[in-house]
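Below you'll find only one chain, the form predicted alone, shown as structure tokens.
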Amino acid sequence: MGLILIRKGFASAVQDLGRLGYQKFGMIVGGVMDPPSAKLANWLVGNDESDAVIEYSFLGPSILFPEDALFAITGAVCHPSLDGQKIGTGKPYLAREGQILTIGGLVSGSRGYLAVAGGVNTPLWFGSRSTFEKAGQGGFMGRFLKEQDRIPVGEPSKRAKHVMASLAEKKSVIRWFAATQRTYRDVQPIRVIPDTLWPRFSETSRQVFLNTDYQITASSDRMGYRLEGAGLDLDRPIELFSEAVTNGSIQVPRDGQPIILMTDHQSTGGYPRIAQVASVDVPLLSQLPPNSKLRFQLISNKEAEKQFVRQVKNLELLHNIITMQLDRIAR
């Protein structure tokens, strides 16, 4: 029967790891804003990391479980409850038939994830269940979720079924939790790699780009973060063709205020790009709410690759630990 939305939260939508392989045709990749947190939620309920989840921003939904289900919440810090009883994040819980999960407002960070054993099972569209809201495709009817929506859920894995049975019979109690370690307070250092046009920006612009704070404005969204701070300009005007852009590309339009392209970015862009956010810091960036301050830190391609590989290995280790803990519960 799936899930029934009682309260929609804010910008709640079905998302997975994105629609890969179609950007060359002008289609966005999309998907979750914070992939490590979404993967973690899926691992906690015995899903494949690419299974679809419910992503929400700033305010989480309230959900009725019409049947027993194993679920987990990750991402931004919040204080959820199950039938009025406080629960935590970063660990699996068994919801019994008729129980209501209330996630509520996010305390720190701006994106949260709800995974259910079996994964959200909406129809695939070009190989993904991610919501492409502007095109009205993918996800649940191509749109953000609304009250009374009935969200289909797939068949739980054998591991998840064993965990559910163990928890239902009270043979096990889950005391451990897992989380991605981040802080969203103070000025956030965001590591960047110089783009090909880095030398074409004035010396003054390059200095202020790296040595002053920028603030994320309220006009930011899943497509891009508009920043407010020191203006940037080229050393002299140049004519540019539209070129392929990616998650984390930092464009500088004519007003000189940088824009960081995010998950739902367009496939090409014509503004000059001063730098590229290192992949390792894109998930952190996605969690920063409007009015957050950040400062750019220049690193080399080699260092960016090294840090990304380290992040991937740490996540693999966390995945292995979670799998062992679930198997221990399921025995």
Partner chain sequence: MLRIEPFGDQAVRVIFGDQIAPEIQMKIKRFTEQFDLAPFAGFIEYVPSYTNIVFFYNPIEVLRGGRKEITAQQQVINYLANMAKRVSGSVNHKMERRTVHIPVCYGGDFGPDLDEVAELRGLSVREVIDMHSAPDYLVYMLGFAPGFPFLGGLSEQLATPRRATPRLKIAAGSVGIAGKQTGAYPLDSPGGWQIIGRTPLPLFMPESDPPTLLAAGDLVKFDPISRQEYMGIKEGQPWV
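Because the structure is a prediction, the values reported are computed rather than measured. Numbering follows the first chain given and starts at 1.
A second form of this protein, the form predicted together with the partner chain, is not displayed here; the remarks below concern that form.
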Is the partner chain in the predicted bound form near all of Phe65, Phe140 and Ser286, within 4.5 Å of a heavy atom of each? no
The partner chain isn't shown here, but in the predicted bound form, which of 69 to 77, 119 to 127, 82 to 90, 98 to 106 has heavy atoms within 4.5 Å of it? 119 to 127
Select from the listed residues Asp221, Glu228, Asp195, Asp233 the one whose heavy atoms reach within 4.5 Å of the partner chain in the predicted bound form. Asp195
Listed residue that, although the partner chain is not shown, lies within 4.5 Å of it in the predicted bound form (heavy atoms), from Gln276, Ser57, Thr263, Asn42: Gln276
Although the partner chain is absent from this view, report whether Tyr22 comes within 4.5 Å of it in the predicted bound form, heavy atoms only. yes
Taking the shortest heavy atom distance, is Gln215 within 4.5 Å of the partner chain in the predicted bound form? no
Determine whether any heavy atom of Ser249 comes within 4.5 Å of a heavy atom of the partner chain in the predicted bound form, and answer yes or no. yes
Contact label in the predicted bound form: Ala244 to the partner chain, heavy atom within 4.5 Å: yes
With the partner left out here, which residues of 127 to 151 have a non-hydrogen atom within 4.5 Å of the partner chain in the predicted bound form? Phe132, Lys134, Ala135, Gln137
